[in-house]
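Take a look at this single chain, the form predicted on its own, given in structure tokens.
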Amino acid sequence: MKKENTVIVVLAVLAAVIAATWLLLVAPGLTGNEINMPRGVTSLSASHFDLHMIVLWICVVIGIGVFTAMFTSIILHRKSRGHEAAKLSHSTQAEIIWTIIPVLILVAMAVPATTALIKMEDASGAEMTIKITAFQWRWKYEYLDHDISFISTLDAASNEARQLNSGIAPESVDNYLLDVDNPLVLPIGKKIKFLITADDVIHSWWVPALGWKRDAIPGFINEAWTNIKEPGTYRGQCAELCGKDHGFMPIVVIALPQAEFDAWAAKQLADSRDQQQEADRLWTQQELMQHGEAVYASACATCHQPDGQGLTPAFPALAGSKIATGPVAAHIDVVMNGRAGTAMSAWQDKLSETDIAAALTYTRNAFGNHTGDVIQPITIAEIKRQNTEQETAP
């Protein structure tokens, strides 16, 4: 090869290397934008990032080789330099080479990829188990080892700002549409198994910093696990189009050191005992109305609207409705057991006795529904007990 040709080839290789390096390492810093895959904060996300980088650099090397050969051929063997197109015939040797080399490359990528997949699916040895149940448009978390459960819903500030004609600028709300009233709290440094399912349609639980997502499918349980290495707050969203309010179904995970998590869990158990004591007493109508307004805003207003006017035909109005002003027993049955063939889901296992009683009392005495009815938590508790006995009866 002539000296000038060698120089051209070397320059072509250097240009390709410099371009690849600039795009991968320099450009993000200059623009302030991260174009690479995030590393995450778990052992799984770290292995996924490492796998991504292995495959990326293999592709970069292949790209540099291919484009160097291509541009070298274009520059050094162009027609203006007196070159003529070669007349190629069948070459068994060439076919063997261009088959074996890609196979070896694929095997080199398949080994770490398979290792990562096996690791991702292995939830054995978990030190803690959490059941996640999705339903439109919130999440229910159950700590199976701690007897703790709660529902996580879009926070009130975001929910108010998202309403049409609310008068609230979304940019004025911190973490708009990415904050919740009850975040999922987890300890760091522990292997935690998740059992993920859904109550109505297909959802998908996704927190990017954890390095994976899992579909929540009615009648089916998906497994996943995590081991968070760094304390902090990590946000995600439902990643499956699940209905009209799909965009308002965020996820917030707060990772705490073990001692802080233990303190949080102890407080949750104490609060649960206090709530049970509250459910055993008789509430005044004013107390139920005040608490019911908050429950309605969190659990009911998404469908039936803050003013109780609904969104017909899918979500009927509560103002002046035959259900909200009719027999109390029928109203309780609809709220607790849902209504087949409609968007009304069963709330018996999603809200506490106090929450259900307060929401019923509120809707029967708000929006112009002045029935004067007062539903007590002990009444709901008794109905729950009867329903449970019927379900377990042989």
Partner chain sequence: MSTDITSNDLDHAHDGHDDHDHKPKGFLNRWLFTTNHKDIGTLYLFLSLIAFLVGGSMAMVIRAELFMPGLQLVEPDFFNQMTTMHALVMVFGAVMPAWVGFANWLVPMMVGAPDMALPRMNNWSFWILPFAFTMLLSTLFMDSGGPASGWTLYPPLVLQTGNSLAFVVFAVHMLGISSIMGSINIIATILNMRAPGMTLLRMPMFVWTWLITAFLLIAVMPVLAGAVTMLLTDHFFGTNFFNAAGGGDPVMFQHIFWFFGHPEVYIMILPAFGVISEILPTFSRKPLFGYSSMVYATATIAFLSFIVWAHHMFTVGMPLQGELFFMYATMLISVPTGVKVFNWVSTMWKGSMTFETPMLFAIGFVVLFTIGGFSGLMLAITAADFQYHDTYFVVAHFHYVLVPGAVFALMAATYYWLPKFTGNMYSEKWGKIHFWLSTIFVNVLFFPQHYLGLAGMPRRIPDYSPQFADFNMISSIGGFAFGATQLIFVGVILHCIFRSKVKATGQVWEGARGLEWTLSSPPPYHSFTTPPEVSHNMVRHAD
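Positions refer to the first chain, counted from 1. Take the two forms, superpose them, and find the largest set of C-alpha atoms that agree within 1.5 Å; that set is the rigid core. Bear in mind the structure is a predicted one, so any value in this text is a computation, not a measurement.
What follows is about the form predicted together with the partner chain, which we do not show.
- This chain is displayed without the partner chain, yet in the predicted bound form the stretch 166 to 174 from 279 to 287, 144 to 152, 166 to 174, 252 to 260 comes within 4.5 Å of it by heavy atoms.
- The contact with the partner chain in the predicted bound form, taken as any heavy atom within 4.5 Å, belongs to Ala113 out of Leu269, Ala113, Ala294, Ala123.
- Leu351 falls outside the set of residues with a heavy atom inside 4.5 Å of the partner chain in the predicted bound form.
- Residue contact with the partner chain in the predicted bound form: Val328 places no heavy atom within 4.5 Å of it.
- Of the heavy atoms in Ile228, none are within 4.5 Å of the partner chain in the predicted bound form.
- By the criterion of a heavy atom within 4.5 Å, Trp264 is excluded from the residues contacting the partner chain in the predicted bound form.
- Taking a 4.5 Å heavy atom cutoff to the partner chain in the predicted bound form, the contacting residues in 197 to 212 are Asp200, Val201, Ile202, Trp206, Pro208, Gly211, Trp212.
- A movement of the C-alpha atom of Ser124 falling short of 2 angstroms is seen between the shown form and the other one when the two forms are aligned on their rigid core.
- Once you line up the core between the shown form and the other one, the Cα of Thr68 ends up 2 Å or more from where it was.
- Taking 2 Å as the criterion, Val328 does not count as shifted between the shown form and the other one: its C-alpha moves by less than this amount when the rigid core is aligned.
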